[in-house]
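Given as structure tokens, the chain that follows is alone and in the form predicted alone.
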């Protein structure tokens, strides 16, 4: 099955937004990079397979950052060495997508190489750098200049600034071709091509697992929350599939560096404040992708307490899931009884306690 790329902004969009979040960029940067890079590939006469591969690579170029977790005390050299591996991690993630064109992972791996051999991860140079990867690197640098939060530039100004890197960071002929492409004025025009669809639920599950794996304290959490969320949804007459998806999407809140503090007592005010930041980040990432915009409100509200009033049922379930995951089942009945009606909705609390009582 194929779908137009402009209608396929689902789980791939989430992966792209996670890459944006880890890189500290405005959400949507990766998808804008993908669109410009794919248009440039088409302008250069590349076939449709290469255009599709470039779009995939442009969307997911920075997703490899999800695999890098450094302690707060890491020094500059340790960080430099770790981040040099980000394109390698990204290439493996892209290669794992069954619908990704075969060349997409290679473009991700080598899009940060420099013409003079100073790039990462393999220090390729000159014609050793695949042209599609080099073109993505130029597109990335161009958009960084256009969207610089401190000094944004118009497209024409940004493309002429690339001239300073011509022959060093970027190949002279590609810079010239890219300049002509931008000056033609259609670099931000419409883009459409067909690509294979993916199983979004499975892709989200894998993404949540990757984020969980960054911290030993959260290993396997998303699947535990999804399983318990499904059971609670069935008892509370909520949508089990959506509840499981939301439970996994909570992991998006930890798409930040360094790894956020996550070991407060789950019923404390400190935990609530920290969880609110994570909840709002998860909601913002979901809201940036059209297919998941409706999931943003319950994600963002998952840190609210029942006593705050007007709590959405799904948000209340998510908040309870996060709290009880940090509790021993033996300790949960006492702690939840004290929090019922204040932190958690009484019916949600009762549903969870009933599940505990039925456990073998």
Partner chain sequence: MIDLPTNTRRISGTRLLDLCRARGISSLVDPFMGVPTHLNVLKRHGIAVHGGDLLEWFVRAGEGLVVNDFTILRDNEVAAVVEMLPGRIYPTDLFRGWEGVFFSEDQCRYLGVWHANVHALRSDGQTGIAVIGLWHVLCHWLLKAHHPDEMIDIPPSELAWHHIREAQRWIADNGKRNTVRRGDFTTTLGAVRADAVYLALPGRSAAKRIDARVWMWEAWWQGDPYLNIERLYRETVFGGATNDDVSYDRAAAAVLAAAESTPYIIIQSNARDADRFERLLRERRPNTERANLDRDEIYIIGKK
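If you're wondering where the values come from, they're calculated on a predicted model, not measured in any experiment. Residue numbers count along the first chain shown, from 1.
The form predicted in complex with its partner chain exists for this protein as well; it is not shown, and the discussion that follows is about that form.
Peer 1: Considering 143, 182, 124, 238, which brings a non-hydrogen atom within 4.5 Å of its partner chain in the predicted complex?
Peer 2: The option sitting close enough to the partner is 124.
Peer 1: From the list 277, 287, 206, 88, which entry has a heavy atom within 4.5 Å of its partner chain in the predicted complex?
Peer 2: Partner contact (heavy atom, 4.5 Å) among the options: 88.
Peer 1: Please pick out the stretch from 165-173, 145-153, 206-214, 269-277 that is in contact with its partner chain in the predicted complex, where contact means heavy atoms within 4.5 Å.
Peer 2: Selected range: 165-173.
Peer 1: Does every residue of 80, 117 and 120 put a non-hydrogen atom within 4.5 angstroms of its partner chain in the predicted complex?
Peer 2: Every listed residue reaches its partner chain in the predicted complex, so yes.
Peer 1: Please run the contact check for residue 106 against its partner chain in the predicted complex: heavy atoms, 4.5 angstroms, yes or no?
Peer 2: Yes, residue 106 sits close enough to its partner chain in the predicted complex that at least one of its heavy atoms falls within 4.5 Å.
Peer 1: Using a 4.5 angstroms cut-off on non-hydrogen atoms, would residue 92 count as touching its partner chain in the predicted complex?
Peer 2: Contact check for residue 92: yes, within 4.5 Å of its partner chain in the predicted complex.
Peer 1: Does its partner chain get within 4.5 angstroms of any non-hydrogen atom of residue 258 in the predicted complex?
Peer 2: Answer no; every heavy atom of residue 258 is more than 4.5 Å from its partner chain in the predicted complex.
Peer 1: Since only the chain is shown here, I'm wondering whether residue 128 would be in contact with its partner chain in the predicted complex (any heavy atom pair within 4.5 Å).
Peer 2: Heavy-atom contact with its partner chain at 4.5 Å: present for residue 128.
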